[in-house]
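In the block that follows, a single chain appears as C-alpha cells, in the form predicted on its own.
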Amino acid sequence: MKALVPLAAILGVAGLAYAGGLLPGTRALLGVVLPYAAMGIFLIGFSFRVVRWAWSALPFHIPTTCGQQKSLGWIRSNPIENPNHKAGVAARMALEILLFRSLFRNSQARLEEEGPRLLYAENKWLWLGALAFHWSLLVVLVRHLRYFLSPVPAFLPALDAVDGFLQIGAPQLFVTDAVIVAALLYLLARRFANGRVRYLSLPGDFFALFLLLGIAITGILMRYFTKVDLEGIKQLALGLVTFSPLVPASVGPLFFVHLTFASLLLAYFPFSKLMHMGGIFLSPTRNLANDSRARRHVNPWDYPVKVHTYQEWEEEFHDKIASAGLPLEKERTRA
C-alpha cells in the first residue's frame, strides 16, 4: 500500500492533466496558473527552510572525520578527511556534493547464522545509481534552458552534441534520457527488493520516485515517440519567464501532463526529503573545520542561568537532613 497509493495518485494526476489539456477552459490553468503557483510555493518554502536552518544555533562542534587530525607538527594530518581550515572544508564539501563521498563509503552489514558472524560488504550500486540519476538530471535541466532563453547560448548545442554522441536514431538519442530512467528504476526496484529498505520506506519516498519517473517518461515520449510543437512550447516557456504567458493552441495534451508533473515536483520539493539539496550545505557535520583543539567553540545556548548549589540546598534543608540522620557536608568539613 505504501507504493500503490502514490502510484495511483500519479496516474490520477496524469489522467486529469491529459483531460485538462484537451479542454480549452483548463489549458490556461495548467499552462500558466499552476506553474506560477508551484514556483511561488517552491521559492517561499525552500527559502523558509534554508533560513530556518541557517538561524539554528550550533551548540556542539560536531564535524564527522575519518582521518588524522592536525595536532603536533611532526604528525602528518589529512587536510581533506579531517580539515582544520576552510580550504579543506571546501574540498571535502565539493567531493560530497559532486561525487557523493559519504555514500561511496557506505557499506552493508548482514548477520550470518554460522557463528553467528557480522559481515560487512561493499554497497557501491546505490552510490552508482544515485550518482547517475543526479548528474543526468542536472544535464537534462541544463538542456531545457534552450526553451527559456532566446537566443540560445552557444554551450547548449555543444552539450547536446556530447550528450548525443552515440548518434542513434532520429531524433538524436540523448544518453542522459536513458540513464535517468534506468537509475530511477534501479532506485525504485531497490526499495521493493530489499526488505529492510522496503520496511523503512514511506509513501513519500515512492511518491517522489514515481513523480520523477513520470516527468522523465513523458519527456521521452514527447521527444522520441509523439509529435509536439516545439515552437509553441518555447513560446509558452518564454512567456512564463517574461511574465507575458500565452498558451498556443498547437501544444498537445501530453505536454500538459509533463508540465503538471514538473509543477507538482516544485510544489512538493520544500516539504519532502528532496530538501537535502539545500540541507547538504548547512550540515554542521560536514561544513565545519575540525579545529576544536585550536579554537574553542562557544555554545550560543549556554546563557547564564540561576543555579542552586549543593551548599545552598544543604543550608535550606539542614534540619530535615540532620533529623533523618544523614551526613552533612558542612559538619564533615569542620570535623
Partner chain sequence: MPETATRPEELVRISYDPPPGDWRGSPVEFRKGTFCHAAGAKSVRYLELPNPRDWQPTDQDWKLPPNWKEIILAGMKERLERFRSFRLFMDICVRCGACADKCHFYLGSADPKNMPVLRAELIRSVYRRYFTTAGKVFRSLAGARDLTEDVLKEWFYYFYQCTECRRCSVFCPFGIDTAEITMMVRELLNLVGVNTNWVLEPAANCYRTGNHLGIQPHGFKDSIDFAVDDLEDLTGVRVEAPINRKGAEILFVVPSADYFATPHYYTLLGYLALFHEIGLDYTFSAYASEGGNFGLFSSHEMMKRLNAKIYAEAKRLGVKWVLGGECGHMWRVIHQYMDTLNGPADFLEEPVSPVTGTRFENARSTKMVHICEFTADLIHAHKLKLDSRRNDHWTVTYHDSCNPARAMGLLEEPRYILRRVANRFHEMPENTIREQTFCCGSGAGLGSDENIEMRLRGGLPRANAVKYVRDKYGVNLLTCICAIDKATLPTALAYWAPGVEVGGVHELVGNALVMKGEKERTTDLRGQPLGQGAEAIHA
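Numbering follows the first chain given and starts at 1. Only a predicted model underlies this, so the values are computations on that prediction, with no experimental measurement involved.
Beyond what is shown, the protein has a form predicted together with the partner chain; the following relates to that form.
Interface membership of L202, defined by any non-hydrogen atom within 4.5 Å of the partner chain in the predicted complex, is confirmed.
Contact check for F243: no non-hydrogen atom falls within 4.5 Å of the partner chain in the predicted complex. Not displayed here, the partner chain is approached by S71 to within 4.5 Å at the level of heavy atoms in the predicted complex. In the predicted complex, L326 approaches the partner chain with a heavy atom inside 4.5 Å. Residues placing heavy atoms within 4.5 Å of the partner chain in the predicted complex fall in a single listed stretch, namely 203-211, out of 245-253, 142-150, 203-211, 171-179. Residues of 50-68 lying near the partner chain in the predicted complex, listed in sequence order, are R52, W53, A54, W55, S56, A57, L58, P59, F60, H61, I62, P63, T64, T65, C66, G67, Q68, the criterion being any heavy atom within 4.5 Å.
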